[in-house]
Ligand code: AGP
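Form predicted on its own, single chain, as structure tokens, below.
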């Protein structure tokens, strides 16, 4: 997870590093730090906490009187003056924002890390699986470790290998000792250059005019240049202002393939919204409208947007979705739709489990990875596992410049949701669900004679209905904030909306830290009902949208909700405007516009996004950056 940024050129490195770290803070915000090169020496500042704490610490070096939060920098005035001079004049440096894996979040464990002699500074994203044996080896040689991180072993190994070797050869020797994932950037005290290495963790180089950038995410360097070099696994490079030497693990020169990407300078702009989460909720009508224009401009014509796929759906015997978190919930909806309309068996697997088990797939099985970032380590490992076992592979992602896109090309569909800054997924989740409707229709049209014109017409109406739901936000707020003092919550539904119960529980858990769990309504009586009393609210999703495809589960869902209400649990329900029979049965009725039950998951999820948001805000939580989380989970 962690975010890496580096710069070498003629501009002030400190300012660029801080800006870069801000754009990468979604990857982790337990601690952060920067190191710059000045007069052939390395000066370093790092701090536990979010990047704002690092900025405050930097400010304390320059003007202690301006600091109001008494940040402890442990710098005497002479040292502070020297570091401040380096920060203000350096044109080469590295930065890091951390999601803690090995070692607690504190100043010591924050990156960058240095070797014993402070000759180098290093930042790392990934996990070194054999770090403990390497650490024991180095300690036996007399090296004293100062941190609890796995990263520090890379620092000491590189310092050791530099004796008598060119820097790239030394770095290559280190790579041959490491097991696991890493994106590494190194600063050497007496050399105006950056050294980088990559394996199983994302890293890109932004190519400018007499300047170069390095970052974990292309969107960070796209603030400055649209020319991007995506490093491949087991590649390493030496970077100066004007030159990039790219090699593989065997010392061979690697081809520099420059990608020209579309620049986006607005990713950090909230506009009129208090939080990115609210902004991204409000962007959902536009995202769905764009997707429909691309794939379903006319409800009477076949679905489009999948012409590039090298998959014959008529020959597919089984589909397996692999995903994590919200993407897993989207996959469960995809399973329901594909089995109902395309009549193809579908399995849904948690990617972290599927990645490490003996999978049973063949040439006529299609394994589909779903990942917002396209860099989710568990999902990538799961797809590789399936590919090695002989399956066809495909991806649904929100980023074309990603590892999952490269791995599965041409078998991928890219959702046009745009960058999602808030850690909790909203518009990306909705776009994944809509993509699965499109994929289902594509498979059904290839394999069956089913008439889905009515469903297509319903999909075309989604942007307007989502907008109508968002217009009810203030009403939802009044309904939801009264439940902010409860410490447990249950979400119930059946059929196609059971995954939305899971998604609603996850959102509330992520944003408010309230314990929340989703269940199929019918499972309550098989154990979970034991926890119910007046201290546990139960929210039920009960949609009685008539459909010609399958009988409604509405009555059964209401019956299950009654069982919870009989145990004195505060009861809430999400129901369509016309479902007046819920009035009086529930303490709180959350209304959505009338919708076919088989189109309702996208609509029903919007009030649950507001539920999580308003309760979290009422509790004073950090809505966009919940504790312990990161947006892009690039470690297994």
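Residue numbers count along the first chain shown, from 1. Fair warning: this is a prediction, and the values are worked out from it, not measured in the lab.
We do not show the form predicted in complex with the named molecule, though everything after this point is about it.
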None of 521, 212, 440, 326 but one has a heavy atom within 4.5 Å of the named molecule in the model of the complex; the exception is 326
If we test each of 247, 544, 510, 150 for a heavy atom within 4.5 Å of the named molecule in the model of the complex, the one that passes is 510
> Using a 4.5 Å heavy atom cut-off, are 229, 235 and 402 all in contact with the named molecule in the model of the complex?
Replying inline: no
* Asked: Does at least one non-hydrogen atom of residue 424 fall within 4.5 angstroms of the named molecule in the model of the complex?
  -> yes
**OP:** May I ask you to check whether residue 455 falls inside a 4.5 Å heavy atom distance of the named molecule in the model of the complex?
**Re:** no
Can you tell me if residue 284 lies within 4.5 angstroms of the named molecule in the model of the complex, counting non-hydrogen atoms only?
no
ask   = Is residue 373 close enough to touch the named molecule in the model of the complex, meaning at least one heavy atom pair within 4.5 Å?
value = yes
Exactly one listed stretch (249 to 257, 287 to 295, 364 to 372, 480 to 488) reaches within 4.5 angstroms of the named molecule in the model of the complex by non-hydrogen atoms, and it is 364 to 372
